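One chain comes next, on its own, written as structure tokens: the form predicted alone.
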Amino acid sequence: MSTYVRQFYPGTSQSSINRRKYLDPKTKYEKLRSVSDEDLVRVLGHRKPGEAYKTVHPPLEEMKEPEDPIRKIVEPTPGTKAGDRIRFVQFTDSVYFSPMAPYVRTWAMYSRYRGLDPGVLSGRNPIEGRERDIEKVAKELVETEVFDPARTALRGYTVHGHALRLDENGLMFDAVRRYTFNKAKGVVEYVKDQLGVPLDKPVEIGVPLPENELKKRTVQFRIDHIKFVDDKPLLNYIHRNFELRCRSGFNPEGVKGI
């Protein structure tokens, strides 16, 4: 019997290669910056640094749940074990060479992490889960190559702006003005949390990557960079999917062997 080999994404272009890399849980994201746990908690805005996690039920080990074989198979996440409430983090990605794109980030969430509920819209990626689990995942995403301080942002609401032009410092537009560019330090600082509440002091998120580096790392296809139609293996794969779906819709027997 042949061994199943998981396939993540077709194509030979750099954008396709990046997608496979970001989706594959065996590949560790490259760390590019450091954000303290306290600063991350401030930007998320769910609790105060050092404050205990609020709970919605007792720890699982204290609850008398009925027998269920699934509980013996599936290991609960730390947040689930502790009874944490459900919180969220929401990312938005600029169309101007952000490392990620919302739908690719959602695929990565399903592929790499457990106990999370990611969603996807045209320019945003909300991720819900138990509070301490959300904090752990958010920290990994913010500190690594799938996040850029200028082209990716944490926005709890009023997310729009990913498709607007960049400002003079290369930052993505934000109607709530949650972050600013500190020219003296060369870093992006959050002056409000993701929900738009002013912070008592700015939180440094990091130095934006130069444009040429962003183009190497992005998963996006653009007419002025890597064109979707130029990746022939990817294009053939997409066309085959559409053809088989159309043909089998009328006659499922007609696509056998194709």
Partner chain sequence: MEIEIFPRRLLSADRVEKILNSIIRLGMVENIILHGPKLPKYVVVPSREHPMGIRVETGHEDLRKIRFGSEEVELTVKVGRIIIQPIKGVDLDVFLERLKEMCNEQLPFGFDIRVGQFTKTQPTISDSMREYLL
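What you see is a predicted model, and the numbers here were worked out from it, not measured in a lab. Residue numbers count along the first chain shown, from 1.
Below: the form predicted in complex with its partner chain, not depicted.
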| query | finding |
| --- | --- |
| Which of 186-194, 26-34, 227-235, 56-64 sits within 4.5 Å of its partner chain in the model of the complex, heavy atom basis | 186-194 |
| Contact at 166, 170 and 211 by its partner chain in the model of the complex, all three, heavy atom at most 4.5 Å | yes |
| Partner proximity in the model of the complex: residue 176 to its partner chain, non-hydrogen atom cutoff 4.5 Å | yes |
| Partner contact for residue 45 in the model of the complex: its partner chain, 4.5 angstroms, heavy atom | yes |
| 4.5 Å heavy atom contact, residue 198 and its partner chain in the model of the complex | yes |
| Close approach of residue 110 to its partner chain in the model of the complex, 4.5 Å, heavy atom | no |
| Option touching its partner chain, based on a heavy atom within 4.5 Å in the model of the complex, out of 155, 105, 151, 130 | 151 |
